[in-house]
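One chain follows as structure tokens, the form predicted alone.
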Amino acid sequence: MKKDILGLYIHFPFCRRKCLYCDFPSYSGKEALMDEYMAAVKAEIDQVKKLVVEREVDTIFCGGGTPTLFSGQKLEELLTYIKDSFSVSQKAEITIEANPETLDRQKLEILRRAGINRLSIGMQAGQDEHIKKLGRIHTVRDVERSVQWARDLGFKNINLDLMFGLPNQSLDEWMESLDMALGMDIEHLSTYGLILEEGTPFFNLQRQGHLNTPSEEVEREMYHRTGPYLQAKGYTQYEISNFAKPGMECRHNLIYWKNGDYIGIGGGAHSSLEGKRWSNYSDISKYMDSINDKGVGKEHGQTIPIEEQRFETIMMGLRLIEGISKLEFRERFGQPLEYYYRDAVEILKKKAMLEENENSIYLTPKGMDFQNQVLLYFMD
């Protein structure tokens, strides 16, 4: 990845309702803070833009939470502020995450006018019953209507998020969910397995024996059926959980997976820039107080040791189906990949978890299933 490519992430930690599986820094019932929060985000932009005055922003990602809980006008004002503050590429990929219940035709029209050229819509399931059990408040029809509005207004890059391994979800229902998404002819599909994160309602229900999730065998079958099925429909799997029509891969997320540079703005946002990493306060009030007192929302910061940078490049890059470019690794770290990891590569090849060619190393399907174990071999 080119060193000059820079991603910009803006976090919107507000939700109409908190999903039962979500451990992201997002909160419901705090809408009264939204205007003050937006002012704090602009104040943080005023500070962090000084760090990247000679860098061009290639991607902007508005994530959450639910960014589209804000009005179209507020979001348009923020995007204008960002473009006035940073050097944003004329061909930048500009994504906004959206929940269907917060979208209408007028808001989508404003977002399109503001420069948003990629929508990421949280569908999660193809059955209203499963959507409701996740704690979400939209329906499948809401998703279909949102996609149609977006198409009518000229959006040509739409992602849908789907989840498998849900409580009481069958393999047939998962395949039905995929079919519903494909029926909307979307460009990109993210398919995530449910993870029970500590502290979430779902985690507590599982611990109490009240969450009937599919067996590990069924969950793995859902995953293994997904790739071939979507590939037969014209999608390429380019990352463990992501599929795209040719040329429609998410450029912003590729920055993460290639361990590139990005700036995170807002409560709970993380940044990684030229060997330094920092994270902001997740609590909205603490974030805004820090901005008001110091001009920055940073809670933690560190310089990343070079050996940690190498390992993280391996860890993230092996999520990609194409794997890790040997050339890019050498250009970044000054030595070929095998200089640091020859033994790990040879052992994993013998275990049929890793393969390599002249250009890259990459996981086999078996390695994808045991990625955590694979990474242990690369730890210094």
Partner chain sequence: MSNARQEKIRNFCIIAHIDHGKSTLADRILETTGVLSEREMEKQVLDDMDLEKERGITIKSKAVRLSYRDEDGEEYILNLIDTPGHVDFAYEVSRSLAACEGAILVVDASQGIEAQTLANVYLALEHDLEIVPVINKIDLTSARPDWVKKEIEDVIGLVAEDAPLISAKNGIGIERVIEKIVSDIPSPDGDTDAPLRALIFDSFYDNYRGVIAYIRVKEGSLKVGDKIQMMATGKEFEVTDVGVFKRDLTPVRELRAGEVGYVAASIKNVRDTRVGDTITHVDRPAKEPLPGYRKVNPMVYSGIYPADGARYDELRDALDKLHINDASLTFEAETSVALGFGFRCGFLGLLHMDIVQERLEREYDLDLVTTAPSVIYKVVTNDGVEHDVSNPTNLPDPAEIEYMEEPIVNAQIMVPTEYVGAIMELCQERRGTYKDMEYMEETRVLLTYELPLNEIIYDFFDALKSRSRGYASFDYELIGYQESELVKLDILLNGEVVDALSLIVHQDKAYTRGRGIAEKLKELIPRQMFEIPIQAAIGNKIIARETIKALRKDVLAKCYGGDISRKKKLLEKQKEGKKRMRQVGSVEVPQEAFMSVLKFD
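What you see is a predicted model, and the numbers here were worked out from it, not measured in a lab. Numbering follows the first chain given and starts at 1.
Just so it is clear, the following notes concern the form predicted in complex with the partner chain, a form of the same protein that is not shown.
Residue-level contacts in the model of the complex: of R112, R220, K286, K74, one residue has a heavy atom within 4.5 Å of the partner chain, and it is R220. Residue-level contacts in the model of the complex: of M315, V52, L354, I45, one residue has a heavy atom within 4.5 Å of the partner chain, and it is M315.
In the model of the complex, the partner chain lies farther than 4.5 Å from every heavy atom of Y81. Contact check for S85: every heavy atom lies farther than 4.5 Å from the partner chain in the model of the complex. Contact check for V140: no non-hydrogen atom falls within 4.5 Å of the partner chain in the model of the complex. Using a 4.5 angstroms threshold between heavy atoms, M368 counts as touching the partner chain in the model of the complex.
Candidate site formed by D4, D58 and V296: none of these residues places a non-hydrogen atom within 4.5 angstroms of the partner chain in the model of the complex. Only one listed stretch (167-175, 194-202, 288-296, 102-110) carries heavy atoms within 4.5 Å of the partner chain in the model of the complex, and that stretch is 194-202. In the model of the complex, the residues of 9-45 lying within 4.5 Å of the partner chain by at least one heavy atom are, in order, D23, F24.
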